[in-house]
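Shown next as structure tokens: one chain only, the form predicted alone.
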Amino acid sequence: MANMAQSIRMALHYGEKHLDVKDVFGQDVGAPMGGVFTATQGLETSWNTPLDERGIVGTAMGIAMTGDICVAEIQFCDYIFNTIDLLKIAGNTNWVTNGNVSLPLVLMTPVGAGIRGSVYHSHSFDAIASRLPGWKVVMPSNPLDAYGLMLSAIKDPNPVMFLKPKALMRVRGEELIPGEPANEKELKAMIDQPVGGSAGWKAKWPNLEEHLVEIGKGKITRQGSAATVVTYGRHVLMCNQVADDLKKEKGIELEVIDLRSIYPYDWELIKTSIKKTGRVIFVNEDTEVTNFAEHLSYRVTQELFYELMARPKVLAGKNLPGIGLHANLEEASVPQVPEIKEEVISLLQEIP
């Protein structure tokens, strides 16, 4: 089974071969490195840029304005913040031109903690991304969804932000990418650049097939009726574990929703689940103040108030200036399995 970095790489290869992707670029995106997480190794259209985030975003906008499809990368989302004004312009270009100019670009960037990246490599960006009108924003939790969301992002005529959870880039999936070999060693031999030397190396791509995950459609990863857990990215795995543990230990069946798309988000899926369970907790790792989940919680109280049996909960990252290097500091800064379990049990114990 492919890991997430390999699945993104295969999606980009499919894009350059079948979906008219002309350029894949960013800092260290081209040879020899192929991206800091190796997600762009072996691509024919990849090339390196200077260390200049504003230049990368501006170049992507210019390429897209000509009608060509491109995928640009900011090496870590921690360094995307100086491009906010450009991201706002990219998002409103179609609107301010009365629909005459589309920007068929994908901007991907690794997000979140989980790699012991300390202060400068542990930021999240989902809350700020959700406040950029005109952008679609996706974050996969597994390799197959990463492949399908990337292809959908490439096909979309307007800007899509593809947020890659840093902690999941080396995590293997449970389902095959359509066309990938079942043997992971065989896949590695085909598309992973040999360590220690890249001279003359070329990827031998499998016969990949199209697989699309619709932007704006979430997925139920655990069925249940006791409470609804809404999450995305790396916390899908943690929330699934909590659901499995509580079912085994206490017979409690949680319903876990993987949003997959932060914007547009699958409100109908959330609403249907909450009407069934009467309780909801939103879990992510961005900082808790002005968190995207606060918007979802507000909408729940506005539209589903009389369906609720308990107050909606939001469990998010601590509102700190940064995340420390030591494992204890990092794990205390963003939600972990024990804290998620504790908050879920508290939600279940609340009496209407």
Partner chain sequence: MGKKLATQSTSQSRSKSKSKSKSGSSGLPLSKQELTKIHDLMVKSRALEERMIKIYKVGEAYFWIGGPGEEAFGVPLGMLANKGQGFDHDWLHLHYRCSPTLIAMGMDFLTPIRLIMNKATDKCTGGRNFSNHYSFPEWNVAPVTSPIGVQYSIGIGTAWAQKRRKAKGITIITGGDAGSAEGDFASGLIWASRKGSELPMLITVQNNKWGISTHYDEQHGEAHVSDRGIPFKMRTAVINGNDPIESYIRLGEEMAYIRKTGKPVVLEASVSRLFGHSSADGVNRRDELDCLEEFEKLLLKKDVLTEKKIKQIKDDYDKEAQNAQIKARAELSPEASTIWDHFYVNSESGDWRDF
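All of these numbers come straight from a predicted model, not from anything done at the bench. Positions refer to the first chain, counted from 1.
From this point on, the text means the form predicted in complex with its partner chain, which you will not see here.
Counting only heavy atoms and a 4.5 Å cut-off, does its partner chain in the predicted complex sit next to every one of Leu51, Tyr120 and Asn319? Affirmative, all three are within 4.5 Å.
By the heavy atom within 4.5 Å rule, which residue out of Asp68, Glu44, Glu307, Asp28 makes contact with its partner chain in the predicted complex? Contact with its partner chain in the predicted complex is made by Asp28 alone.
Sort through Lys247, Lys219, Arg116, Arg172 and report the residue having a heavy atom within 4.5 Å of its partner chain in the predicted complex. None of the others qualify; the residue that does is Arg116.
Indicate whether Gly58 is a 4.5 Å heavy atom neighbour of its partner chain in the predicted complex. No, Gly58 stays farther than 4.5 Å from its partner chain in the predicted complex.
At the 4.5 Å heavy atom threshold, is Trp95 in contact with its partner chain in the predicted complex? Close contact is absent here: in the predicted complex, Trp95 is far from its partner chain, nothing within 4.5 Å, heavy atoms only.
Would you please decide whether Ala39 lies within 4.5 angstroms of its partner chain in the predicted complex, comparing each non-hydrogen atom pair? Residue-level check for Ala39: no, no contact with its partner chain.
Can you check whether Glu288 is within 4.5 Å of its partner chain in the predicted complex, heavy atom basis? Result yes; Glu288 sits at the interface with its partner chain in the predicted complex.
Pull the contact list for 207-222: residues with a heavy atom within 4.5 Å of its partner chain in the predicted complex, in sequence order. Stretch hits: zero.
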